[in-house]
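The chain below stands alone, shown as structure tokens; this is the form predicted alone.
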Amino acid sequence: MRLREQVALVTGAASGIGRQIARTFAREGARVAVADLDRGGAEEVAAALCAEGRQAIPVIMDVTDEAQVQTGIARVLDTFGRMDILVSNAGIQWVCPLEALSLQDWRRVLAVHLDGAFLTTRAALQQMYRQGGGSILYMGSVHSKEASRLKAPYVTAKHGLLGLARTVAKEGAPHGVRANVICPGFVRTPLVERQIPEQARALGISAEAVVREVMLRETVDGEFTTMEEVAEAAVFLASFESRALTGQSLVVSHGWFMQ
């Protein structure tokens, strides 16, 4: 088991990629805090892991709320005594042409991705520095590397996570903390499923054309990235045994973006 006895907090873990990462980490031996705004979803995922003989707790957390982040991480420390891995995965999407985008919606997307990443990172670093090390993973996107129409706040936020990770990598190095970004292509999560009809309406094309001509056009095989593939990348980065791999971004996109 590559994460035996490690303690991991995964945000946005009630569904989608976060849930898969929580499940994969637990099966690799980690003790997992399943953090999400969705109380029922977090409790369900944690209960399912415990039923498999894993160690997991639900943590109810709005990552944009400073007090909830502090309280949630305090619960993790009270339960497990340490924190070895933070996966900052919570995110939302808003599909809208830039000229019609409201300031409220712009701020809402950036708050979840960037404020949430900052607040959870700051709290995690305080513990990781005390214990002498840790690994922080940010859920970026191919949109951390390039842009798409109709997604200005999301693209901006995902680009911002690269800068945050690189800064954490430099500041955290003397304390044994690494930071990296996972950049998936399109994954058929509930978030992406909602985007398909939204983009179809905005672009005036069919849902099938959105998938074929927008989402998967640049892949090498016309395939969606799977949640399992992203979770495997997260295990690889979290379990890497030296500080040689820090401040980096790993693209998992079936060749959509190559660097």
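Start at 1 and count along the sequence shown; that's the residue number. These numbers come from a predicted model, not from an experiment.
Absent from the display: the form predicted in complex with a small molecule. The rest refers to it.
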query	finding
Options 179 to 187, 70 to 78, 94 to 102, 163 to 171; stretch whose heavy atom lies within 4.5 Å of the small molecule in the predicted bound form	179 to 187
In the predicted bound form, the residue from A48, A202, L191, A209 that sits within 4.5 Å of the small molecule by heavy atoms	L191
D38: touches the small molecule in the predicted bound form, heavy atom cutoff 4.5 angstroms	yes
M61: touches the small molecule in the predicted bound form, heavy atom cutoff 4.5 angstroms	yes
Exercise: Y154 in contact with the small molecule in the predicted bound form, heavy atom 4.5 Å	yes
S135, heavy atom within 4.5 angstroms of the small molecule in the predicted bound form	no
